[in-house]
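Single chain ahead, written as structure tokens, the form predicted on its own.
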Amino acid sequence: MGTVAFIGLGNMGAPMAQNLLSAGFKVRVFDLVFELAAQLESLGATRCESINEAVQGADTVITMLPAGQHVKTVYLGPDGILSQETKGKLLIDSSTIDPETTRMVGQKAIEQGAYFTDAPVSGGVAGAKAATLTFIVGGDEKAFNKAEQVLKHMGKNIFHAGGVGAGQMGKICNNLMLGILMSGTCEALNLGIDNGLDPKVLSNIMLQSSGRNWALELYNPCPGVMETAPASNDYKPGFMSKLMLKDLGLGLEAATKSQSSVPMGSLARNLYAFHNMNGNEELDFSSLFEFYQTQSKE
């Protein structure tokens, strides 16, 4: 096993880094929040004081960051990853950002002789902890093959979507559908509750009928229906509503550029905008269920 520098240790990054430790990799970690890096240090990782320190001596660098602006800073900033020698290193960005930023960063990395892939994930915090994530990878064949040898210790499904940026586009399409799907699931469950149905019974009915979907199977948004879902733990932890709003925004930006019609995506994006404005940015995106509950009571 080689040495991995892992930068960005939030709800997703921390368990991903922990799985690499469990697989036998030497892991060097950095995050602006000291406590997050310290937690990984207690599990055997090497805590670093800077990006440069983390990257030194690493064969592979993985970044898991909130938005495109952070990816630009971490890779292209004066003390960023590409400010030092990266020839021959494997660089994997698992953030979910716009494809244009990914292509720009990827081009500069490749020009310096690095192997670069964008590898955003699907599967949520539970998937990150269980090492069952889906990775949607963009990059050339050689970079993908190298990345796959690392990603397989954090995920169950690894897809090669195409060249650099294709991973991001695949993830954007997935999350556009996910936002629409979750909105519809919340809406249908709330309609049933307002008309006297037990949400557990209704969920089982839909699971065995044509309305069956991922949210009903694994991520029911109604509290008390599914013990393991964030909804049954005050909508924590999980995929924050502010991140779903960001991803839906990326979908709309991509649609504008390609002149694609996304009316359902636009509606889902507006619903999450209203939901976030009511102070729910940090709650799991399935907390949109409460938006419908509130509307029903007014």
Ligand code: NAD
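Since the model is a prediction, treat every value here as computed from it, not as a measurement. Quick note: we count residues from 1 along the sequence shown, nothing fancier.
Below: the form predicted in complex with nicotinamide-adenine-dinucleotide (NAD), not depicted.
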Query raised in the report: Among 256 to 264, 31 to 39, 53 to 61, 269 to 277, which stretch has residues with heavy atoms no more than 4.5 Å from nicotinamide-adenine-dinucleotide (NAD) in the predicted complex?
Result: 31 to 39
Query raised in the report: Is there a heavy atom of Ala188 lying 4.5 Å or less from a heavy atom of nicotinamide-adenine-dinucleotide (NAD) in the predicted complex?
Result: no
Report task. May I ask you to state whether Tyr235 is within 4.5 Å of nicotinamide-adenine-dinucleotide (NAD) in the predicted complex, using heavy atom distances? Result -> no
**Report entry** Contact test in the predicted complex: Thr117 vs nicotinamide-adenine-dinucleotide (NAD), heavy atoms, 4.5 Å
**Finding:** no
Query raised in the report: Is Leu82 close enough to nicotinamide-adenine-dinucleotide (NAD) in the predicted complex to count, meaning some heavy atom within 4.5 Å?
Result: no
Query - Ala229, Ala45, Cys48, Leu65 - the one with a heavy atom within 4.5 Å of nicotinamide-adenine-dinucleotide (NAD) in the predicted complex - result: Leu65
Query raised in the report: Quick one: of Ile110, Met206, Ile193, Val125, which gets a non-hydrogen atom within 4.5 angstroms of nicotinamide-adenine-dinucleotide (NAD) in the predicted complex?
Result: Val125
Requested in this report: Kindly indicate whether Thr3, Leu90 and Asp140 are, all three, within 4.5 angstroms of nicotinamide-adenine-dinucleotide (NAD) in the predicted complex, using heavy atoms.
Outcome: no
Report summary line: Contacts from 1 to 18 to nicotinamide-adenine-dinucleotide (NAD) in the predicted complex (any heavy atom within 4.5 Å), listed N to C, are Ile7, Gly8, Leu9, Gly10, Asn11, Met12, Gly13
